[in-house]
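Encoded as structure tokens, the following chain is the form predicted alone, with no partner shown.
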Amino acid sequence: MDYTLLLNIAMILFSTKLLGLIFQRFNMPQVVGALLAGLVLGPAMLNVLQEDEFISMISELGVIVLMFSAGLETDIKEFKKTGLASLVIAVLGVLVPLLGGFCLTYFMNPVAENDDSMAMLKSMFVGVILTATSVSITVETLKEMGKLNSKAGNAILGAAIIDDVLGIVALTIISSFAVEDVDMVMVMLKIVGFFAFAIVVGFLCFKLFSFYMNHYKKDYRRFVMWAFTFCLIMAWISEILFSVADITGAYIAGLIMSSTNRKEYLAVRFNTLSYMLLSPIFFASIGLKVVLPKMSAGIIIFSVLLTVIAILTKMAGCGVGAKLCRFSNRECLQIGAGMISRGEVALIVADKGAQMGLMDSEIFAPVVIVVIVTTIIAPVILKVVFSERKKAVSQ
């Protein structure tokens, strides 16, 4: 065993909590400090830590538990009310960034692509990257502020799940032009099949867990183990069998468990596990992934414009979608801000594009910058748009 990993974990836990407390002192979300801790320790700055296989595995488990906890804390009744709205928000939240990223890349042509059809395809792929949403950072920020179960919070969660599915569809369509063996019909069938499967499993497992709770009323600790097992199995099934993101399966598992009368007990236990170990490693790992290569002046300009487009198109697309569904102006801003962060999702999509020849190495650096900026700025904007306005006291 390499005992260096013990020191690495200690550094991550100490730095994320220290910077988190510092940011909290300045009335900012602690998650921003955790993200910056990874940047400071990682290759982007001090380079005292790199993301190894162990940290990668723990961070993946961390985001699964985080999304399971989000499902546990979701109000099913409120979630149903925002279902149609979440669909509209997600559709516009995908289409507007897709169009914005495509137009900027195609007309600016930062890598001087001579083949027009290939330039169009690569530009469209950049747009696909901008459609991604990493809801984990938003979830942590909303939990910290106590707003996860608000009307806007439920709309964000629902839209993020749908956004994930639409992102898979968009990626599949673009990939089908570059890779001949992609079966788009099969991918669509898998997506539909997963949600049909989730409905059936949700009903059966709810009945099973209800039966268990009625017969073992004092068995709380073992029930936590069953719930965690169920979460991991749903995450595995969604990723491996249906090619849907594992966090989607974890979130749905949390939704199912939120209907039981022990959801408060489960939430406390999983929040403790997440806070103590998994979440700090997950958020720090995002910073540890960041490696900034050398860039030309043209690429730097493109990076700045792409970052601005990434922020504005998500806020505009999701905000307009929320407005069409009769959310208030304040709630539209909240929903738009909650969908800004691209996080590791954009990096994964970009990496897949590079493997298929749709992502030039020069464009990868701007994508990394978009991930860094949107990941750090999203919690800050959320803090502002969710802050309660102080009521004036009449003298």
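Superpose the two forms; the largest set of C-alphas matching within 1.5 Å is the rigid core. Numbering starts at 1 and runs along the sequence shown. As the structure is a computational prediction, the values presented were derived from the model and not from experiment.
This protein has a second form, the form predicted in complex with a further copy of the same chain, left out of what is shown; the following refers to that one.
task: Spot the stretch among 317-325, 124-132, 300-308, 265-273 with residues whose non-hydrogen atoms come within 4.5 Å of a further copy of the same chain in the predicted complex.
output: That would be stretch 265-273.
- prompt: Check D75, K190 and F206: does every one of them have a heavy atom within 4.5 Å of a further copy of the same chain in the predicted complex?
  reply: No.
query: Can any non-hydrogen atom of M213 be found within 4.5 angstroms of a further copy of the same chain in the predicted complex?
result: No.
message: Since only the chain is shown here, I'm wondering whether L278 would be in contact with a further copy of the same chain in the predicted complex (any heavy atom pair within 4.5 Å).
response: Yes, L278 lies within 4.5 Å of a further copy of the same chain in the predicted complex.
task: Could you confirm whether M57 comes within 4.5 Å of a further copy of the same chain in the predicted complex, counting heavy atoms only?
output: Yes, contact at 4.5 Å.
query: Is there a heavy atom of D219 no more than 4.5 Å from a heavy atom of a further copy of the same chain in the predicted complex?
result: D219 belongs to the contact set for a further copy of the same chain.
- prompt: Counting only heavy atoms, which residues in 124-140 are within 4.5 Å of a further copy of the same chain in the predicted complex?
  reply: Heavy-atom contacts within 4.5 Å come from no residue here.
query: Superposing on the rigid core, do we see a C-alpha displacement of 2 Å or more at K217 between this form and the one not shown?
result: Moves: yes, 2 Å or greater.
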